[in-house]
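You are given structure tokens for the same protein chain in two forms, set apart as structure 1 and structure 2.
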Structure 1
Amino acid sequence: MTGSVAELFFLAFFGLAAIWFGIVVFRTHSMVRSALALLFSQTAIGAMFLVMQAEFLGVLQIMMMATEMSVMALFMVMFMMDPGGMGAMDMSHQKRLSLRAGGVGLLAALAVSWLPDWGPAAINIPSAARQTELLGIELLGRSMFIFESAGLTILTSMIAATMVAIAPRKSGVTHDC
């Protein structure tokens, strides 16, 4: 197999895996299994980045999703009434509205991808090392304030969520297990 055929094969494979695991997120009866399916779906997207030789974005996607989904699964086990999915649970809500919204979203995405004239494909693609260098210049240049603000906002929301989740303890009362 030539390089381009192999790349196309793996891109299609990981794309289908991402879609499949995205469907599994809503088909399972366990929040933990849903989190793991979402992790696999997002990891498949990271693998697609790797296939497209965007190594930085691929590794970043995989690392970020592994951490995020692990933390999410842990919090679900701690705070959910039935995290293992032993009881009957439906992961979808407002089915008719969500099906309509999904259909409209699908039609909009297809229209945006098929109708405009996107012009020719990129003729001169920089190497993976140059792409990473250009991304670093972008992140450390005009986008620095946006990323720093987003990071601070995420940290603040994590601290606030933890503070809300912790039940206040009354002084002098001990809790024995």
Structure 2
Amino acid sequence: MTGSVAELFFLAFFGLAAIWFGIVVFRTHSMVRSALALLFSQTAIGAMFLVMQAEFLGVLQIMMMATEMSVMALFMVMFMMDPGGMGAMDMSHQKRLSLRAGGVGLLAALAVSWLPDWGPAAINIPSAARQTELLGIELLGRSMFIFESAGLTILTSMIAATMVAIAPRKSGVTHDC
């Protein structure tokens, strides 16, 4: 039972950390801080995966988000008026609506997670090495089509995104509109 208590504790700890960092994302004025808060939120989620014994996914999440959020930070600095947050500028709108939507979403999701009877917890978790192996078999076996589609999707979106993002040829179009 101690294992379960420890698991519960770490789950809650990292989970609350993730939520807290998630809130920081929208409360800080500095854009780099905002992006890095999101990174730490995602890292805490990765740690939650580790607590839930999904080792591969946890490490993967921690790894992927480092890059993703660093790029995010760069874009924040590029595209915001006040990336250092010195002006303490308010960058939000329709606050009340958003708060309400968030609150309703929270209540609904909480109700769904606590009300139903989820049945007994599974006991036998495959070991980390076995999980990785099983996941590989799953990916390259039954779910291969989905996996390959995902791969193609990401390739397509990479190419498309690059196409959209590169500078258009100058053909008398001014950028001053």
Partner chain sequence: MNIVIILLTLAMGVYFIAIVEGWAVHGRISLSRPALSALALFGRESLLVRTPDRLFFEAGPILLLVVGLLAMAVIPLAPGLIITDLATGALFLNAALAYVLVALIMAGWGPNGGYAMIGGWRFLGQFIAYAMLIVMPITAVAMRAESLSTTVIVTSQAQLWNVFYQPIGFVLFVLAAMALAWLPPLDLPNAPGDLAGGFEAEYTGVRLAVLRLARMVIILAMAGAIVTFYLGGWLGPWLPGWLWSIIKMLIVTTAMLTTGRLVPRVREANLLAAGWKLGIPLALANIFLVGVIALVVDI
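Numbering for residues begins at 1 and runs along the sequence of structure 1. In this text, the rigid core denotes the largest set of C-alpha atoms whose superposition between the two forms falls within 1.5 Å. What you are looking at is a predicted structure, and each value in this text was computed from that prediction instead of being measured.
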**Report entry** Index of the chain form predicted alone, chosen from the pair
**Finding:** 1
Query raised in the report: C-alpha of residue 149: shift of 2 angstroms or more between structures 1 and 2, rigid core aligned?
Result: yes
Query - Core-superposed comparison between structures 1 and 2, residue 24 Cα displacement 2 Å or beyond - result: no
Query raised in the report: Quick one: once the rigid core is lined up, does residue 109 have its C-alpha move by 2 Å or more between structures 1 and 2?
Result: no
Query raised in the report: Cα shift of residue 158 between structures 1 and 2 after core superposition, in Å?
Result: 4.4
